[in-house]
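Encoded as structure tokens, the following chain is the form predicted on its own, with no partner shown.
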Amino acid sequence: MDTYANFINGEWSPSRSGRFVDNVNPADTRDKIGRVGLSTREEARAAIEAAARAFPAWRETPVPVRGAIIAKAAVILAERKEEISRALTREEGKLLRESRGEVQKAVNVLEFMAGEARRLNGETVPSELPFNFAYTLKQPLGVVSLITPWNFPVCIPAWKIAPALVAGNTCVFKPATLTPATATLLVKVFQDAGVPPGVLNLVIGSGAEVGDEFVTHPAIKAISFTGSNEVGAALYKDGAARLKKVQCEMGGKNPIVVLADADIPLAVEAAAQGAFGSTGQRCTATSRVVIEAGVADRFVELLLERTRRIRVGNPMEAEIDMGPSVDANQYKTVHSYIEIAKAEGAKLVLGGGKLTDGPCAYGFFTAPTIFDHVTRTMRLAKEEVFGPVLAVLRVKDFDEAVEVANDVPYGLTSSVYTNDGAKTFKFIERIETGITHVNSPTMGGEAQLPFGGMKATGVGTREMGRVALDFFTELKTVYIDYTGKKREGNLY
């Protein structure tokens, strides 16, 4: 088995901690992919110090030159798409076609951000004083730490690394310990594209040790985190106490709102794709259907018919529609929520069981699960499951639909299915999510557009798109007085 190495100051070296865990295929736990070294705080510190040493030269590198390296990384990533996609499916469990889509999205992100290197613009602003030139410019922060989850282990790191490097920062990167192979392959892409030693560093290890050092070390100027609300809230508190910039993208409880005039078969397809694609293990997954009662029976009937056709099994096989949970802990969490929903009185209308036969015998497989007649006070209506479990909540009208859709702590993404133009725009105005879709599923986002949520979903500026650079830069205002004379009067 491979033992995954850290990448510090341009050199690959395994952790010296002597502590290891196995990287296991969640679709077949007999398949041991590699060994994950749990790095020490000292190794994390070495990476930060390497990044600090590399910062002055990288900051002075012209921005278009930095962008050219990101553009080359996009080309290399596209060339290695199949290799990385297969590694991603093997260690994370999403379908191979979903992995290919994720890698392609990462390519798109790199291509877009490479172009932004020629548009890292400030602005010139008229001064109220004569012979005074006023403008703004964006400057890098220094060493930034990037802490990423297992569910999108190529794309999320890519959309953090690319703007951080274009802006002129140096990076320390901690991936999830469940997905070290894809993190390694991604960093090799940047290495082969010409990122100088020390500019991008990878350390694999626990949040309690490596992650904590990446937050508390005085050289770290900013932290970009994607993961759970529990970890993100603690990280935000620790970073704020040290006056560091912090960006957190966390949970979601995303609704698809189906109104009585909707195209019901279209909404059914969106709900099935959103709830069961990627085994429900995406922050933009559809976890709730909020539907007007008059069309709910027909919707549920069609949804059950559609969901019964989902084939669960080895995600490497082209005919499979849904893979496993990522590991035993997530599998246990999913089934604990299924039992909670039953106990609270939700009506189980499909699934709910563990799949343990045939192609599912050695993995963490759950049957696609649907609960009907879920009420807004039930935990299944409020809490993120991160698995293939869908809750159907019935409401009387549009106003109640929006109220119920908003009645959760989170606010990442949403979808409304309707052919009523007035209600479409009212929904867009009133829904408390950072992203919303009209007559399309809750998932997805494009490289050139901002990504992020409201309420407990996120703090800090948005990721992706042009605004991604805002988090990784400081804005400086400059006044150039060319009168050559002393100013008179009130200078504010």
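When you see a residue number, it is the position in the sequence shown, counting from 1. Since the model is a prediction, treat every value here as computed from it, not as a measurement.
This next part talks about the form predicted in complex with a small molecule, which is not shown.
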(request) Indicate whether the candidate residues 151, 215 and 228 are all in contact with the small molecule in the predicted complex, with contact defined as any heavy atom within 4.5 Å. (result) yes
(request) Look up in the predicted complex whether residue 175 has a non-hydrogen atom within 4.5 angstroms of the small molecule, and give yes or no. (result) yes
(message) Is residue 106 near the small molecule? Define near as a heavy atom within 4.5 Å, in the predicted complex.
(response) no
(message) My question is simply whether residue 116 lines the interface with the small molecule in the predicted complex - judged by any non-hydrogen atom within 4.5 Å.
(response) no
(message) Test of understanding: in the predicted complex, would residue 451 fall inside 4.5 Å of the small molecule by heavy atoms?
(response) yes
(request) Please pick, from 368, 168, 211, 180, the one residue with any non-hydrogen atom lying within 4.5 angstroms of the small molecule in the predicted complex. (result) 211
(request) Answer with one of 338, 222, 412, 374: the residue that has a non-hydrogen atom within 4.5 Å of the small molecule in the predicted complex. (result) 412
(request) Have a look at 98-106, 242-250, 293-301, 349-357 and name the one stretch with heavy atoms inside 4.5 Å of the small molecule in the predicted complex. (result) 242-250
